[in-house]
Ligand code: SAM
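Just the one chain here, the form predicted alone, laid out as structure tokens.
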């Protein structure tokens, strides 16, 4: 799949192996082997030597599809695959593999955003992933009565858009790094307000509901305590915090996707996936009086903390 994406197979269909090989300057025999493998994986169809996209590939692997996951897949190919190659050392040392795989030092997000192209690939990839889960995460809890929803580190705004779709006429803001904000505006088309800043170091915009979606799993517990304490202090009494992450079951035996993502966090960040009880403990340590966890069935689950 990674190779077919990189070569542009899903944009070239319908095509024969010979025609695509000529177009791509590739070996005809090798192209046929690749395309036949994609047929076996359910990514392409084949009839009379002509290859076409399956419904799933047309929707999720074509780069110009509104639901594309191509950016996430390409980031997985170009970055995560190489970090995972060093998983044994990550387990031995308990730390991410950026220096080992790429010779990079410094804060983890300096690697994700090392160039504008890398940033766009990473964030548009997460946008496609978020489109699969944000509506379910917003629907998991009753957020009626919220006057201002602020998504901290909200990237392309998929969660804020899902909030506005469910609660029209309410304010929603994405708070993210200055280099991210132009992409947020581009993708949301002005439906979402934006504010540039670093949620660790800058004042947070006023809100009665903050969200952190696929944020806490990036960080160590000391940094999470810092961020949750800051959010708690900024909220009014009765204010809410929506945490969108994959939840690990209490026995830490599943689900598989959450445990594999936890290893992914080990190789590329300071964090991991956690249980509902662990998020409850983190929130209560910050001062929140209660949490409610919902397993959504989508790629992320939803924990609501109340001040």
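Positions refer to the first chain, counted from 1. Owing to the predicted nature of the structure, the values given are computational and were not obtained by experimental measurement.
Although it is not shown, the form predicted together with this ligand is what the next lines describe.
If you check 78, 220, 100, 198 against this ligand in the predicted bound form, which one has a heavy atom within 4.5 Å?
Exactly one listed residue reaches within 4.5 Å, namely 198.
Which listed residue (177, 118, 104, 132) meets the criterion of a heavy atom within 4.5 Å of this ligand in the predicted bound form?
Of 177, 118, 104, 132, the residue with a heavy atom within 4.5 Å of this ligand in the predicted bound form is 177.
Do residue 213 and this ligand share at least one heavy atom pair within 4.5 Å in the predicted bound form?
Answer yes; at least one heavy atom of residue 213 falls within 4.5 Å of this ligand in the predicted bound form.
Just to confirm, residue 232 within 4.5 Å of this ligand in the predicted bound form by heavy atoms?
Because no heavy atom of residue 232 falls inside 4.5 Å of this ligand in the predicted bound form, the answer is no.
Can you tell me whether residue 74 touches this ligand? I mean in the predicted bound form, with a 4.5 angstroms heavy atom cut-off.
Looking in the predicted bound form, residue contacts with this ligand do not include residue 74, since no heavy atom lies within 4.5 Å.
Is residue 126 part of the interface with this ligand in the predicted bound form - any heavy atom within 4.5 Å?
Because a heavy atom of residue 126 falls inside 4.5 Å of this ligand in the predicted bound form, the answer is yes.
Only one of these stretches, 79 to 87, 135 to 143, 150 to 158, 163 to 171, has heavy atoms within 4.5 Å of this ligand in the predicted bound form; which one is it?
Going through the listed ranges, the match is 150 to 158.
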